[in-house]
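Single chain ahead, by itself, as structure tokens, in the form predicted on its own.
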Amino acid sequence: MSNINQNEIISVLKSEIEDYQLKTIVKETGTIISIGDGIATVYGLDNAMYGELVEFETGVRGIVQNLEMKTIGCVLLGSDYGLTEGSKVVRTKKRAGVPVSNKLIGRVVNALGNPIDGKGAIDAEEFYPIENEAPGVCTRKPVTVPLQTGILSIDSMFPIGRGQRELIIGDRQTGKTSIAMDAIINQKGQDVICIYVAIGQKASTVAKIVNTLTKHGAMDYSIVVSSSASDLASLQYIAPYSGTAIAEYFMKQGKDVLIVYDDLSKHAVAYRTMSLLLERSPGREAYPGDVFYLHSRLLERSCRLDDVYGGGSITALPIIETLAGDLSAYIPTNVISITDGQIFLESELFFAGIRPAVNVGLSVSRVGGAAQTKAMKKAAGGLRIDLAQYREMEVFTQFSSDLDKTTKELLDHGKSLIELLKQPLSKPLPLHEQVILLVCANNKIFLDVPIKEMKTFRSDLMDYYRTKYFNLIEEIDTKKVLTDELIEQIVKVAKEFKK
């Protein structure tokens, strides 16, 4: 018995020796010479590249951010527990990236693309680098297709097109996130994939946002990338890039994507923290010198591709928080100069009950009418001028009691317009409703309606159109053109309802 066993063992050993292949793996290894605050200084990785992933001996990864003469500075993407001076670091020769797949839709992931919603792992189809070169001029196409936000004041006066970058700017608690949320909710059935990137937000705030999106059925086409306030500065720094990499994956499939960065002020602060720890020279407001490039290389990736290159688009809605309405601060001016327009929200208007609190004078869309449907363009033509005249007249007439008929009418018309532009949360309006309301306003239908009754009047008016004149609604929605006959019919129906 023992003899057989010996022979078996010998034959197994012989075959093992014959099949043995000598494999030598060459790994470039370095050593940590100092570590702290999520930053490691490494000696010995002479060939490491900027933005490359390195792996520490505990399994934690880091990104190369500083290239010195003899050392490199790495930011850690996890805990530095177990790492000390002398710990080993290995090059991966890969750029930092995120796993992407269609299964990301409806999920909440962190800055590294790992799920944090407790619904199990996500199978990756591809791996996209977080930093990617923006498409060149020749691969792009003009912005002509509207992206309806469902917010009357924005769609009529500062239209957003697919492939545009429109900044939402204002003080804290003025409804910036609410505008972005409404825009996402309004994409239902529009074949647009929405990505919401939360940078440095409280985890409870992100949970509330996910809850709102789920309640309105918007999570069926949305992805939430969250890097909360408790995360490392390095994770908050890469979060918007990770979100954009996911957006690019869908854009390459020819799809339209809407991405919201909430907010880039906190992103700049995270980058400042990281840069100061890496001992880079501070500039204005202690931000590093390349803080403009931080946001320009991010937002430049949003565009509309030519059909030859897939024809997809990324529309960006970056959010910036100002202090005391100061638009001339460092980060706000930077981002204003990168984007194609801004929606400026004002605290005074917000507290006066005008919500969304859009300042018509300081807001602008640099793509404008090019991205508006013909119907909306015609209906909203004189709206900004009417509001500007009202504002000017209001200042002049504050001190006078006796007003002539024309002035009084202009003031009443302005008041009814402002009342018309007020809109409750999470109630985006479809195109036909916006067009009908604007046509009625232009034709002074709301002029003698008391301000207090305006809300009920407009909802009853819309119900009247829906029940008795559905053909008008259908015509606006399908043709998206406003003819003179159509305007006549809309006005006629409104007058009929008024009687």
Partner chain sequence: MISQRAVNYAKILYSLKLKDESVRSAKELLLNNSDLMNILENPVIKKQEKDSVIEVLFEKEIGSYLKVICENQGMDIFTEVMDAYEEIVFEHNDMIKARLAYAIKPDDEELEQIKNMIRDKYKKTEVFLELEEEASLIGGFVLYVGDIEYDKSIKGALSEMQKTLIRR
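These numbers were taken from a predicted model, which means no experiment stands behind them. Whichever C-alpha set is largest while still superposing within 1.5 Å between the two forms counts as the rigid core. Residue numbers count along the first chain shown, from 1.
Just so you know, the form predicted together with its partner chain exists too; it's not on screen, but the next bit is about it.
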| property | result |
| --- | --- |
| Option from 448-456, 430-438, 37-45, 461-469 whose residues, in the predicted bound form, bring a heavy atom within 4.5 Å of its partner chain | 37-45 |
| Partner contact for K444 in the predicted bound form: its partner chain, 4.5 angstroms, heavy atom | no |
| is_contact(E52, its partner chain) in the predicted bound form, heavy atom dist at most 4.5 Å | no |
| Heavy atom of V481 within 4.5 Å of its partner chain in the predicted bound form | no |
| Contact test in the predicted bound form: L67 vs its partner chain, heavy atoms, 4.5 Å | no |
| Its partner chain in the predicted bound form: contacted by all of L13, E16 and V26, heavy atom 4.5 Å | yes |
| Within 4.5 Å of its partner chain in the predicted bound form: residues from 368-393 (heavy atom criterion) | none |
| Shift of I10 between the shown form and the other one at or above 2 Å (CA, core fit) | yes |
| Rigid core superposition, D484 Cα moves 2 angstroms or more between the shown form and the other one | no |
